[in-house]
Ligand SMILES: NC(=O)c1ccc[n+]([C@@H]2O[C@H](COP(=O)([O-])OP(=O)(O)OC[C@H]3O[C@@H](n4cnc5c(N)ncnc54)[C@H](OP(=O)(O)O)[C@@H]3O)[C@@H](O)[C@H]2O)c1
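Below you will find one chain, with nothing else, as structure tokens; this is the form predicted alone, and questions on how it binds or moves follow later.
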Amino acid sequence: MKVMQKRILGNNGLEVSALGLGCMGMSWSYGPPKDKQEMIQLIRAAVERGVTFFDTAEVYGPFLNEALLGESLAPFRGQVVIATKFGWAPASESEENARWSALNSRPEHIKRAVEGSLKRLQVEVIDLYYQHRVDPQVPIEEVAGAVKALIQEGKVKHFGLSEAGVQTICRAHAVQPVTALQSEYSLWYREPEKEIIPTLEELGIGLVPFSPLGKGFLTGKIDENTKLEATDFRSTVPRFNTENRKANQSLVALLHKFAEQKNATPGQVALAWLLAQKPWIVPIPGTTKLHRLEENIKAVDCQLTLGDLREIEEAASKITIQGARYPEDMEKKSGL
């Protein structure tokens, strides 16, 4: 098993590999679920290459993704960190196959949700338990209190939030220290730099960027001619319509330029840029392909100098990204 550079999330010493693996796309959102045996092999290949941080959620599938991780990582108990999330529920509690469009972070629901996650993940304690989205119906203090109780019971080690705003983060942190915030952050979505990142720095909370490759766009493998299937949720995202994909190629061109200088790929430069922002940032690129996993992992060795970072900053500041990152109804639920 290879050793990757490690990073610490939060003030309570949660140590993880500098790059994690987002597992959502293996079961959900980017077309039909992938072949289970292939995904088990891929997850185990990530462990062999030094990845110790794996991201899932109850809603991915629903349930399929947690069960996939539980089976895949069973041989590596104690060697890996698994993060999962609560906070969604079927529109009708009794319909497990119903559309999971309802937010539910009521303490009694969290109590039920954690039992299901523990069982599917085949663990006795969840390393990092995120609230998946802020629930406007439940005060964040009650949510933090419910997770605090789970930590005291030994069912959860660390509390996390996802896509929460500054006030929510501060209020939650006052009840139960937040170890990590998961939010979208990359060269094509930099909103967290305004208020979120300074707040995390001040409070000692780690940042786990999801979609660090812009849902695949920053790899340079997607252009205006790429066909997106109806089952691929990117087909509903304004930023991925044909016109915007064409307009946003200027950012990919910038990454290509640095990739050539560094003998790297555009995706590796995008990840290296994120890693260079703060020592407590741990991106979780997702993939279903071994060659992409290996490419992403090599980003940890791609060193950008201060001069490189200044040059990227200067060039990126002249580029305006076209298109919203989510359809309007989803953006409203993002919690920011």
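Only a predicted model underlies this, so the values are computations on that prediction, with no experimental measurement involved. Don't overthink the numbering: it's just position in the shown sequence, from 1.
Separately, the form predicted in complex with the named molecule exists; it is not shown, and the next lines address it.
Taking 4.5 Å between heavy atoms as the contact cutoff, choose which of 168, 249, 219, 176 touches the named molecule in the model of the complex.
When the named molecule is considered in the model of the complex, the option within 4.5 Å is 219.
Which pick from 321, 14, 315, 24 sits with a heavy atom within 4.5 Å of the named molecule in the model of the complex?
Of 321, 14, 315, 24, the residue with a heavy atom within 4.5 Å of the named molecule in the model of the complex is 24.
Could you tell me which stretch in 192-200, 107-115, 207-215, 137-145 has residues with non-hydrogen atoms within 4.5 Å of the named molecule in the model of the complex?
Comparing against the named molecule in the model of the complex, the contact stretch is 207-215.
Wondering, does residue 60 line up within 4.5 Å of the named molecule in the model of the complex on heavy atoms?
It does: once the named molecule is placed as it appears in the model of the complex, residue 60 has a heavy atom within 4.5 Å of it.
Classify residue 30 as contacting or not contacting the named molecule in the model of the complex by the rule of any non-hydrogen atom within 4.5 angstroms, answering yes or no.
Contact with the named molecule, yes.
Does any heavy atom of residue 49 come within 4.5 Å of a heavy atom of the named molecule in the model of the complex?
No, no contact at 4.5 Å.
Residue-level contact is defined here as any heavy atom of the residue lying within 4.5 Å of the named molecule in the model of the complex; does residue 55 satisfy this criterion?
Heavy-atom contact with the named molecule at 4.5 Å: present for residue 55.
Do any residues of 262-292 have a non-hydrogen atom within 4.5 angstroms of the named molecule in the model of the complex? If so, which ones, in sequence order?
Read in sequence order, the residues that approach the named molecule (within 4.5 Å, in the model of the complex) are 284, 285, 286, 287, 288, 289, 292.
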